[in-house]
Ligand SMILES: Cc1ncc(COP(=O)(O)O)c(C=O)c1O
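Just one chain is shown here, as structure tokens, and it is the form predicted alone.
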Amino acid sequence: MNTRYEHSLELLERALRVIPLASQTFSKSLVNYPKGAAPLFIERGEGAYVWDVDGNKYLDCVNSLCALTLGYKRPEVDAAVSAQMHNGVSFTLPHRLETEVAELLCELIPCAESVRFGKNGTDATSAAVRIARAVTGREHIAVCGYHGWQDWYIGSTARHLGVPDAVRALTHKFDYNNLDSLQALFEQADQPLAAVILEPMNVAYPAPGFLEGVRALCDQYGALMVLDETITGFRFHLGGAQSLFGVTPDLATFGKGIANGYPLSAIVGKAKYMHAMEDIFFSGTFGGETLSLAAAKAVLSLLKEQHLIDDINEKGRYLLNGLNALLDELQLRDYFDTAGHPTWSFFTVKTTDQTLYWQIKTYLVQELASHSILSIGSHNISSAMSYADLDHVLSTYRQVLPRCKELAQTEQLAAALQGATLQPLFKVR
């Protein structure tokens, strides 16, 4: 047993007795972190770093699945939360923070004329789908990207266990950067679409005219265009990817970085559609919980005043440029590549052999962790990261990648793994 992770393994056995997968989130569990070869539980975080339950310190390149843009324990955010805590957390009537944060969102986001709050991205995307169905009188939805765990979306994936067939039949996938695949769904006259919901960008940039084409098709066929900005919002641009790419949807959903890790999401959109919220039932006891709203107000103010999104863009670009130069210098392009936006970039493995693919993925998580870097194949930048931190990432890749290729070519990769090989969850993008 690798004693570096001794307490992680002990806690895993304890957690598995009372928690399925030992985690509340699939992507934070054994599906992304190989048992015995990577940390499985985090004890605390500060700035750009986290410490696992064994006391090992890591540069966090995951940042709670893109939820952190400012790093852990940002003083201004913690101070705002602490101050509000002294006045109470949840109340019998709405709190002024609900209005103040909603006003900020309407100021910053092009499509936002009205706002409702939830707790997770799934809350917001499901609300958007319900609004679209209510205002159009239609039931079918076109999807592209990952949109949460609710039946209406997850039923369209391989993880549809427990979702009724009748619900699954209402959701239809189309391909990113392929307007023809969306056009074909619109042309199915017996299945008129209530909405098209998509991530404005994930691994690939939108091709010229793609988002504009989605907007035009929605207008032509009377469907609502919904941008799922759960990740891109307040990471790519202060006004979301819709500001960056210049395409305004009817509705949009935000989460993750909106409150730097505090649980908050938002559904925003044009008032004529958001008014449907007065009739459909989207309601939760903790939607107006004030600690998360206080955090969001502080985060949005910091992003506005200190241009921190420009900062994480520059740092992400520095890392991507360095990594691309490294791949070219070491002639590794036949095995590896990069993709994505500088603030949310992907390090990709190029092989059609699925066994080899998962061995390489496991090896990279294992070796990065051994060099004090927490990563699951993406670089989710926070403003707390320094250029010295990024140089450490690049120097580690310089050591690890040639060895990984050598082991793969000589078919010795499996023997180099110190823990269980990762297994596929389902393809989300």
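From 1 onward, residues are counted along the sequence shown. Just so you know, these numbers come straight off a predicted model, no measurement behind them.
Below: the form predicted together with the ligand, not depicted.
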The one option of Glu199, Glu139, Glu98, Asp311 with any heavy atom within 4.5 Å of the ligand in the model of the complex is Glu199
Name the residue from Gly239, Gly148, Gly213, Gly288 that puts a heavy atom within 4.5 Å of the ligand in the model of the complex.
Gly148
Would Thr248 show up as a contact with the ligand in the model of the complex if we use heavy atoms at 4.5 Å?
no
With a cut-off of 4.5 Å between heavy atoms, is Arg74 one of the residues that contacts the ligand in the model of the complex?
no
Test of understanding: in the model of the complex, would Gly121 fall inside 4.5 Å of the ligand by heavy atoms?
yes
Proximity of Lys256 to the ligand in the model of the complex, heavy atoms at 4.5 Å
yes
Within 4.5 Å of the ligand in the model of the complex, counting heavy atoms only, one of 303-311, 223-231, 205-213, 77-85 shows up; tell me which.
223-231
